[in-house]
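Next up: a single chain in structure tokens, the form predicted on its own.
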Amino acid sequence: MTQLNAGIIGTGFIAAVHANAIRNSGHQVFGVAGSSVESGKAFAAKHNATTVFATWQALVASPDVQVVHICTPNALHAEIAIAAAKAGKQIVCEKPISVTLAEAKAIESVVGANNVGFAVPFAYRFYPVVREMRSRVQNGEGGPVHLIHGNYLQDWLTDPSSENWRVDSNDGGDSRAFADIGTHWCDLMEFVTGDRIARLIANTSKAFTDRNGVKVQTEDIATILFETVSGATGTLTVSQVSLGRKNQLLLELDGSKASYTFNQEQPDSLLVGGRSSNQIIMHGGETLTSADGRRLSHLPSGHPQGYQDAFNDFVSDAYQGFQGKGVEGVPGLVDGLRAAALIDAVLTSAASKAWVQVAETTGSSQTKMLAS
């Protein structure tokens, strides 16, 4: 595989995760553009980037950058993605890919017209036991899934003095908790089951009306009841104010023959539930039955693999897709569009207190290039 030069826009936590994954995948962190030249220089020194660009526009325009990684506040995603597509760059864009469904569709139009690749870091797909869970569910081992439930809980905003750009709707968009983490849960659920949320009713709420004297405009909590295309019933609780839960993405699927439970805070094991006994399946080439799960198991069972490992695999597979060697299961623009439709449905339902159909966003053939 040819080494590609990546340019990262943004210098926060997730940008560092991207940089580590790029290098791990055998590619180069060529350049970076931060909110200031100083932040760019500090990031470049830490992550061995060759060039610091004064603006994101300069990075996108550089002929030396083949892949643009968008790790900025959400409100900038669409503008940068459209500019990068017009410049003929491959794109890795953090979710949500836009702050409105209309913006997401505008991205789709430009990406398709310019024939560029587009990947979205729904990286939880890349845990080996998630692939094992997916294989077992879609092979029918557990029987038809009739109940889907779970949560995504964090506690980093439990202090009313805690602030972040995500809290400001001007930077993060009208949804925070659901857009930021709830979309991860929904993507994982639909990826594992092969089913889709058809309609939902949602409620959103705030733990605090203001933070440091500034009115809170985005939700801390979202609760969702949904039905899938196949007829399964589901519930989801999303919170960024649940003490003790650092990053618990919990997905449980109940079928007629078995149930399956994945907990992201304990990502090396899959619980398979039965009437007479339960099984705990550990990750590892010697324990998993699915080829995809074994492919992503880089260490023997008992040797933990974590979030950075999953992200590394996401970037590696995405870059193979950019070079025409597509790997099944890479989340692409069609998946980013799907998340935008779900955010739109949640906000619409929460405002109307009514059931809402989730808009279909099938995507063009080009935007499916890196889709599941």
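Just so it is clear, the model here is predicted, and its values are computed rather than measured. The first residue of the shown sequence is 1; numbering continues from there.
Just so you know, the form predicted in complex with a small molecule exists too; it's not on screen, but the next bit is about it.
Comment: 153-161 is the region of 153-161, 287-295, 134-142, 99-107 lying near the small molecule in the model of the complex, near meaning a non-hydrogen atom within 4.5 Å. Although the partner is absent from this view, Gln240 contacts the small molecule in the model of the complex, with a non-hydrogen atom inside 4.5 angstroms. Although the partner is absent here, Arg166 lies within 4.5 Å of the small molecule in the model of the complex, judged by heavy atoms. The small molecule in the model of the complex comes within 4.5 Å of a heavy atom belonging to Asn247.
Though the partner is left out of this view, Asp180 does reach within 4.5 Å of the small molecule in the model of the complex, counting heavy atoms only.
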